[in-house]
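Have a look below at one chain only, the form predicted on its own, in structure tokens format.
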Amino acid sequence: MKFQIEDVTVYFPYDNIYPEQYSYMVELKRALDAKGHCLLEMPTGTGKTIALLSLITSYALSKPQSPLKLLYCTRTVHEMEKTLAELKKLHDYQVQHLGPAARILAVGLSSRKNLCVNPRVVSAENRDSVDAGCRKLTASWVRALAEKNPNVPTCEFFEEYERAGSGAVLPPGVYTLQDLRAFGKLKGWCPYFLARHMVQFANVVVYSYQYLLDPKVAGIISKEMQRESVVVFDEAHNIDNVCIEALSVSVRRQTLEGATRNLSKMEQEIQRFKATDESRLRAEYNRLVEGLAQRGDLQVGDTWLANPALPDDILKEAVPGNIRRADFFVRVLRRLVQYLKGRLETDSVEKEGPVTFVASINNHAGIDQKTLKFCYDRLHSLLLTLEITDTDEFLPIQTICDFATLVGTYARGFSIIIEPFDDRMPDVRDPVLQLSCHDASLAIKPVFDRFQTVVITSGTLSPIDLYPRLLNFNPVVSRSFTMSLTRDCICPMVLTRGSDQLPVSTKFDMRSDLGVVRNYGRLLLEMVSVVPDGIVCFFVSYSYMDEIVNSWNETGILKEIMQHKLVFIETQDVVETTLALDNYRKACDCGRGAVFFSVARGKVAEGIDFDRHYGRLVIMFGVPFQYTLSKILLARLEYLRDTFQIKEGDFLTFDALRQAAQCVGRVIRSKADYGMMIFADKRYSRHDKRSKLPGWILSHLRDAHLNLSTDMAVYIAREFLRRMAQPYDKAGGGGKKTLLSQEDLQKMVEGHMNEMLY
């Protein structure tokens, strides 16, 4: 269908549209017109992605004189593929209506591991090894050697791509990662470098958050993007944590040992070059005297990660004299590594700010702040001069230089925390030195400053007023939408006590109480006998899940549950979890039904959908607070309190409830779906906790469902399932329509106009 929103003709590839999708587009258009940033919360399963894509691409089509570029950021490769599949459908629809004029180029960009087509390289087990394998075949000096000696291996796909020169372009269309690999194989070009080259010319780019928020990656991939871009962060409820991770570094003993090995190898290489080709080292020295190793003229195969500091904070001046010579620089790094080793030998937890830490490095190791700032760029230059291709082997020394550059650059918003052992295992000495960033607004500030519109959207952004304070920006539009439903297909309940009327909670002093564990077990046992198909249970942590499952096993509750349904468990191993999920789905498909035990903040809670019969009930056992004794969390809370006036309790509750909402939101993925949510903890009945849940869950939470015991919850579940089994009108009969056709939409818009006139 196509319809007008003010001066824009919106092309929407489906015959019907939800009212909230239309409202969402209207708000989004307001933000685009105002060239400002916006925060939009829209329930899961209401077609957020297609609403975003169709409005922004239609907006760009309606204003051909000022071309808009869309940068769409997702969290996982799976979400990226889903977004590109939607875009494909939309693009076909637009071309069908407008002809060739509507053609655009849309590219998905991911790491070499997901795009490489060279079988020798892509077979490596992890991402870093694939990157290093690629570098060994594509670095400029390797290719120069190969010209003289044909036995030196190179990558035929990269060579073909280079030979094609400016002719290596993608024709217009929408390319998923699969399409890029297929196109690369067909032409014999490298899909990774082709995609990276085409990102500058594409109308739509879909990639991961890191490509914009992590300065090391953004400095290479995203620095070319024009200001007239719309940036969308989808599923952005955890965006503050992504920003913080992008600027945090942790150093362990293994890192320092690895760095020492790296330095010894670099020293050997420097000696070898001194003996055979001293002119290279002299040329590098002269270049550093003139200024920093200019990045612009590097060949595409040689570019590595960029500086870990944000673009505005990088010094634009010559490298200090004491680290210009290669062997001097290696000696400085040795002193730094030695100093850090000494700091790790502590028996108590230490916390200090970057300023005192830098002063201490200067006193004990004689390395000043300016030298620290340049560590990363100087290392990058040296590794290029020494023609090092094993980038994965040199990760430890990169981590140390990352750390040095960040400590030297930032005086506020960071802490250095040294912990001799993990609090949860005080007997095992595993010292770790962490540079932790507390200010999420640091990493995202360049994005807000550079692009005209940034859209932050997710199913759980409540309370929505906290995000502008955490990320330090002023949105022009900030809206939370509710879900228009033809029937009440969501049934949230708060369970505060078991059948024996004992309160249930995962509060620290109650969680191991046998009564609580027994009541949780009884609740699940009653539910598996009533609810058909799949049930998903979320626990607050892996350790708590292990403790409860063991206890249920000893008391025989687990055996009784397994007589009704099979039980599958998420573990910290990705492969095991994937296998468990596949088998869980098989059990649901064949009608046997199953229970899946999972953990809040785990992989499953973040990215796996339990739609239709895969999730008819989700139980959240407890409130998923962060580990409140964590030194890093305490330091961040103190910073938030002092800088943004956000109280500790407010932030912790907000963080726990967005995780809980994320977990329970997994069951509803479309309006034809239905599911129940049980919040099993007495704390959810308190208004200050409950009110932080998203509006679309709260609007279905009745007062009668706020203080339930197990037997009452079972009765409500039976009634709800009976009601859901009745036939219903999908388009919504009676007064309010929930599926609008083109005519309905026109009537609705005209109705609004008339209301405004009279």
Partner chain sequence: MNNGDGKRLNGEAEEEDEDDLDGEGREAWERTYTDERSWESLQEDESGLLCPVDDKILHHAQYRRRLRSLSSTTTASRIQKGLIRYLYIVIDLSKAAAEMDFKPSRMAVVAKHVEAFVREFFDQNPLSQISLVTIKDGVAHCLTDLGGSPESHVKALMGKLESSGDSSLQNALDLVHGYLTQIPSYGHREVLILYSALSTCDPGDIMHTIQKCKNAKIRCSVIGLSAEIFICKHICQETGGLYSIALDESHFKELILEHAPPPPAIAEFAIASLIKMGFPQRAAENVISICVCHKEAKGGGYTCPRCKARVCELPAECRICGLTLVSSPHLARSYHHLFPIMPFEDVAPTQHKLPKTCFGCQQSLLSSGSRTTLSVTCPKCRRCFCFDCDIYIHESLHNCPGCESLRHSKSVNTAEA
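Being a predicted model, the structure only gives us computed values, none of them experimental. Residue numbers count along the first chain shown, from 1.
We do not show the form predicted together with its partner chain, though everything after this point is about it.
**Student:** Going by heavy atom distances of 4.5 angstroms or less, which of R616, R666, H91, K373 would be at the interface with its partner chain in the predicted bound form?
**Tutor:** Contact residue from the list: R616.
**Student:** State the residue from I464, V349, V530, V152 whose non-hydrogen atoms include one within 4.5 Å of its partner chain in the predicted bound form.
**Tutor:** The option sitting close enough to the partner is V530.
**Student:** Is G591 close enough to touch its partner chain in the predicted bound form, meaning at least one heavy atom pair within 4.5 Å?
**Tutor:** Yes, G591 sits close enough to its partner chain in the predicted bound form that at least one of its heavy atoms falls within 4.5 Å.
**Student:** Considering only heavy atoms, tell me if S480 and its partner chain come within 4.5 Å of each other in the predicted bound form.
**Tutor:** No.
**Student:** With the cut-off set at 4.5 Å between non-hydrogen atoms, does F394 touch its partner chain in the predicted bound form?
**Tutor:** No, no contact at 4.5 Å.
**Student:** Contact between D277 and its partner chain in the predicted bound form at 4.5 Å, heavy atoms?
**Tutor:** Judged by the heavy-atom cut-off of 4.5 Å, D277 is well away from its partner chain in the predicted bound form.
**Student:** Quick one: in the predicted bound form, does every one of Q268, A283 and R287 get a heavy atom within 4.5 Å of its partner chain?
**Tutor:** Looking in the predicted bound form, the three residues Q268, A283 and R287 all stay beyond 4.5 Å of its partner chain (heavy atoms).
**Student:** Which one, 212 to 220, 130 to 138, 556 to 564, 643 to 651, holds residues whose non-hydrogen atoms are within 4.5 Å of its partner chain in the predicted bound form?
**Tutor:** Careful reading of the contacts points to 556 to 564.
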